[in-house]
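Next up is one chain by itself, shown in structure tokens, the form predicted on its own.
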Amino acid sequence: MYSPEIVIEALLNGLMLGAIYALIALGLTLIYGVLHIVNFAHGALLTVAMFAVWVLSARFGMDPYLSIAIVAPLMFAFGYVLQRFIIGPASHGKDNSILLVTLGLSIIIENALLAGFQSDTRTINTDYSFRVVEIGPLLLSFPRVVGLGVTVLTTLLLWLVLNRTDTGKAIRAVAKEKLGASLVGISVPHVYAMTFAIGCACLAVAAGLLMPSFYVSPKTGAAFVLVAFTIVVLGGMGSVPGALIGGLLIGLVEAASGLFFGDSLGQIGIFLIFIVVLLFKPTGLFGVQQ
């Protein structure tokens, strides 16, 4: 039987990892909430962002956290171009086509990364990768503490953008009623591209937070996006608060499962609670019936 200090320590570290999960899921749920499609390229785009952080560190010696200031704008621009000039035109406005296009993009991106970086895993060694923060008898991972703080700030910034800017109002208008928004002069293709770009920028922030304590390979994003999909459905499709709360909950459950069942079975709790929630609330924790 574990001591209370060990259990609390594991749960707090899991909660902080869940915050990074939530940040990945935020972009995914935002894209679904506006475009009403599931972005199958989300994991591959996360991998691109992680490799960008690694390149800046390996080639230019830039700190992973500082690299967010460069990678986030680059991923924003990349996401805008992808949606505005590739995904949108190639899908011809059909949801089924969008799914196929994003799936195709995912395969192309993964194989391009494989050709460029091979299948080897890359890591970034920093002075704080294994540093801990002592709070009484508890030892918390420094990168995860930073991850929690940056996730909270990013979520607050996203809320301000969506609720206090003209772009945010346009995004919410298109999400609510696309035809009505277009009739009052809002460019729906531009809003779609902006939403996709914001989702990619969230991935860049998550990549910068992950790299000090994780590795990257051409298929790394697939593992994270599977958890992100679970969080999006668990919290409620299209719900930003649901993605945040769902991510924190998943982090706690994964930590508890790993502690009591072993690391190899750490994610079994995620899918068990996922099934239980959907049994009693099929729309997710914060979802609404369509």
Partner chain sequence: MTGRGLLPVAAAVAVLAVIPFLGISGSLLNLMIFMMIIALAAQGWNVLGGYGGLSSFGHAAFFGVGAYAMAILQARYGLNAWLALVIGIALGALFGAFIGFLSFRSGLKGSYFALVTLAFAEVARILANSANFTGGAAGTILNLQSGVAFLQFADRRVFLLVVLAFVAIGLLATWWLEHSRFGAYLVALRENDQAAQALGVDVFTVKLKAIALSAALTAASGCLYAQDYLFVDANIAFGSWISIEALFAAIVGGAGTVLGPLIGAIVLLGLGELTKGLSGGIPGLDLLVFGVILVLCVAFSPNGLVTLLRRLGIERRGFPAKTAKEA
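None of the values given here were measured: they were computed from a predicted structure. Positions refer to the first chain, counted from 1. For the two forms, the rigid core is made up of the largest set of C-alpha atoms that agree within 1.5 Å on superposition.
The discussion below concerns the form predicted in complex with the partner chain, not included here.
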Original post:
in the model of the complex, do Gly149, Thr155 and Ala256 all reach within 4.5 Å of the partner chain through at least one heavy atom apiece?
Top reply: no
Original post:
Contact between Met237 and the partner chain in the model of the complex at 4.5 Å, heavy atoms?
Top reply: yes
Original post:
Does the partner chain get within 4.5 angstroms of any non-hydrogen atom of Gly104 in the model of the complex?
Top reply: yes
**OP:** Evaluate Leu11 for contact with the partner chain in the model of the complex, applying a 4.5 angstroms cut-off between non-hydrogen atoms, and reply yes or no.
**Re:** no
Original post:
Even though the partner chain is not shown here, does Trp54 get within 4.5 Å of it in the model of the complex, heavy atoms only?
Top reply: no
Subject >> Heavy atom within 4.5 Å of the partner chain in the model of the complex - residue from Ile135, Val81, Ala90, Val161 >> reply: Ala90
**OP:** State the residue from Val38, Ile70, Ile245, Leu252 whose non-hydrogen atoms include one within 4.5 Å of the partner chain in the model of the complex.
**Re:** Val38
Original post:
Which of 73 to 81, 125 to 133, 112 to 120, 203 to 211 has heavy atoms within 4.5 Å of the partner chain in the model of the complex?
Top reply: 112 to 120
Original post:
Is there a C-alpha shift of 2 Å or more at Ile273 between this form and the one not shown once the rigid core is superposed?
Top reply: yes
